[in-house]
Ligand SMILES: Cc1cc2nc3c(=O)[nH]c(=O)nc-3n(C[C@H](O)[C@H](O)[C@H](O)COP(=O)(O)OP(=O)(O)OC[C@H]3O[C@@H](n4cnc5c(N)ncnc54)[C@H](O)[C@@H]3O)c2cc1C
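Here's a solo chain for you in structure tokens, the form predicted on its own.
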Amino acid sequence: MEMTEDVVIVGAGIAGLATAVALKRVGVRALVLERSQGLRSTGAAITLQPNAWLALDALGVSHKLTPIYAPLFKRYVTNVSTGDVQQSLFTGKGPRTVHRKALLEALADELPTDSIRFSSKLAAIESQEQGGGASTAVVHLEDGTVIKSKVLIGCDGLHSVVARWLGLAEPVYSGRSAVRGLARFPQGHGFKQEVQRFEDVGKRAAFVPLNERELYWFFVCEEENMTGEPEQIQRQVLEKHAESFPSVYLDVVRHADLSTITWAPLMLRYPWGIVFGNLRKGNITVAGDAMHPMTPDLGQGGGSSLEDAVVLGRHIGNSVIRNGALMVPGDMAKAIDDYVKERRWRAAWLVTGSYISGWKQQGGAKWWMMFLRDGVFYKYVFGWIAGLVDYNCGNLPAVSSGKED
């Protein structure tokens, strides 16, 4: 079977669904191909920083989530070794932690029912030159389906087939791994809308309320492989890795819903691979983790994916406006190129800032490490890293009015 679409998006995660919503807002239909049988919600929950909520505002989706998930207003950081506790307030609009599934469903509900094609596994990609700078992207699926499109966007995550086709280097292991899960307290957990974080040499953990009965928790350490069933992973955290952590944290882990516990190595793409890598070829590009996998230390994985969607939607939308509500293949290449230019350095800095922030938080107790962390990081680097979160990716153009943004 052969099909023709204006835009094909590979992957129905946050980046893929958000990009489809952005394109719908500018009058462009996209077909989303997802290899799974339904929406994937691996990770249980996600904390969205203010920049992510600005992107959701631009997509017209934030109003579905803000009445359900309250903002966080304070953060406590406990040094496990000394017992010292530092606290800080979130300024402006604080972050909110949401169920990942709720975010995906909020985005998917904005799309026509036939926009997502599940159980669609990518087999091959090719680009057919049409002359005059125009090209057609051709996707071959494992079931024999062939789909031709004016634009192909890879939002297929960490091990992206599209990124590999573009020639981007494979993500690398950061040296740390994370366990994540949800803790459920049927009678209520009693915590306020505050982040409780705990730091030790080579280890970091936290929990944060989702609602009155659920907490999202994680544990990050330098253990490269934490294998076994969820119950075994939970036991390893409690008895081997976090046994010296405060009892309040251990109690949260004990209340974990085993079905939500996941372990994963934290991966990233080297920032120079983003700055100098081939992020597009003709009308084919990548977004989200397919472009810029990063460690979660700034809480920017989901936020940067939402930013990508808005920026990509803006550049494609502006092209549609310039060409009288038409998708002109030759002009699409310029729109994709403008998107890549806008996102390349932003993504590279986020990857860098996230890694540095994680290194700082799990630094050792040696004098030189403490000097770099306390004498250099907090004085000269922290402000710059914090500024990466305070960012507005902009709005989508008003296609009906014919005005570019």
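Values in this document were obtained by computation on a predicted structure and should not be read as measured data. Numbers for residues come from their place in the sequence shown, where the first is 1.
Separately, the form predicted in complex with the ligand exists; it is not shown, and the next lines address it.
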item	value
Partner-proximal stretch of 317 to 325, 182 to 190, 114 to 122, 276 to 284 relative to the ligand in the predicted complex, 4.5 angstroms, heavy atom	114 to 122
is_contact(residue 203, the ligand) in the predicted complex, heavy atom dist at most 4.5 Å	no
is_contact(residue 36, the ligand) in the predicted complex, heavy atom dist at most 4.5 Å	yes
Exercise: residue 344 in contact with the ligand in the predicted complex, heavy atom 4.5 Å	no
4.5 angstroms heavy atom contact with the ligand in the predicted complex for residue 226	no
Whether 74, 353 and 389 all lie within 4.5 angstroms of the ligand in the predicted complex by heavy atom	no
In the predicted complex, the residue from 333, 80, 233, 178 that sits within 4.5 Å of the ligand by heavy atoms	178
Interface residue in the predicted complex among 168, 102, 266, 242, criterion: non-hydrogen atom within 4.5 angstroms of the ligand	266
Residues in 1 to 40 close to the ligand in the predicted complex, defined by a heavy atom within 4.5 Å, in order	10, 11, 12, 13, 14, 15, 16, 33, 34, 35, 36, 40
